[in-house]
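Below you will find one chain, with nothing else, as structure tokens; this is the form predicted on its own, and questions on how it binds or moves follow later.
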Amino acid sequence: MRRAPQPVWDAFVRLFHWALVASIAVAAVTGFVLGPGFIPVHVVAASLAVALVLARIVWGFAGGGYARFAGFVTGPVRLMRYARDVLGGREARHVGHNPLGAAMVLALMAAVLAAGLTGWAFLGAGAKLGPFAFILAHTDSPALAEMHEAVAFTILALVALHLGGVIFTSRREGENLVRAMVTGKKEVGPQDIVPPEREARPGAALGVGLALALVLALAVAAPVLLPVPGAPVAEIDPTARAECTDCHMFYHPSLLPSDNWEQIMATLDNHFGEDASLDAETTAEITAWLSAHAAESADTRASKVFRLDPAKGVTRISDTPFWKARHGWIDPAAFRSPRVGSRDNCAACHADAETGWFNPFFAEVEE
């Protein structure tokens, strides 16, 4: 039976497909291969993938026949029947998504949304970014990180299955499905199964999409607009700042626990090889302020990962295991450059270092 090329995949579906491919690829490379310095790129790429999926969901209810979920999503009975027919080599040809392909579309979209949800939850617990900053504590971070990683591996597995399905169906039907997703056209025969025609409603889709985008933007910006529980102290003691910055950058008190600060202030006569002694009154004032706003008072990632242990040779923040793990990928020469000077100059690369936040989007690496 003769088949004739006909438009099947509209421009939005094709743009969604290839943009999702690109965003997942970038998210995978920056998440699994590249160093922590690429976290901002990872977050942007993964968030774009989530936005694309949400837009596709809207279009799934407002698009034309081939784009609408009603045109290709089936129940479990029809899915199992189609799978049995495939194994028997007698399946009907679906011009749009076949039942197995439809199940893969739904599974991939669900996995991308789950990855976005767990990823932003992790950022909310640790970096206090996004809406989860108000409801999750840093102690939730390890479990959320494991969940996010598990979902990410699930996405990779689904992508592999999807590619296998595309290759299998292309050979089975004698049509290049990848090219079809580029041109938007597929060959259609009289016996092929096509979805019922439906008129696309781009205006309604645009309106819903813009409303959804506004809600998501406000949710992401919420920690900037509203006070976040467990935030590092924002008002810095002027005496502490003046005395500390005479020799080095200002280290926010939330970066170390109170006993570490008390030890540092009690040994100012031998402060990393120099005598930084202060009069008793000033020493007591700064010690009290540092202890009151030490790591115990905050609930950020930076307040929970650093602890000095002189007995084990950990006398600087840059000696701690966390610091070394996070900065091990950076060329040591970067720390010796004129702009940075040393490993202890956090503010050279972290624009918000003195606030105690260490937002990953404010970090840069000396080249």
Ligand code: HEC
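Quick note: we count residues from 1 along the sequence shown, nothing fancier. If you're wondering where the values come from, they're calculated on a predicted model, not measured in any experiment.
The next section is about a form of this same protein that is not shown, the form predicted in complex with heme C.
Note on the interface: of 111-119, 265-273, 73-81, 202-210, the segment with non-hydrogen atoms within 4.5 angstroms of heme C in the predicted complex is 265-273. Annotated contacts: E243, F322 and R326 all touch heme C in the predicted complex [non-hydrogen atom within 4.5 angstroms]. A heavy atom within 4.5 Å of heme C in the predicted complex is found for exactly one of I330, L52, A28, A62: I330. The closest non-hydrogen atom of D10 lies beyond 4.5 Å of heme C in the predicted complex.
Heme C is not drawn, but in the predicted complex it has a heavy atom within 4.5 Å of F335. Interface residue remark: V224 is not counted as part of the site for heme C in the predicted complex, having no heavy atom within 4.5 Å. For the chain shown alone, L290 is a contact residue for heme C in the predicted complex, at least one non-hydrogen atom being within 4.5 angstroms. In the predicted complex, not one residue of 79-95 has a heavy atom within 4.5 Å of heme C.
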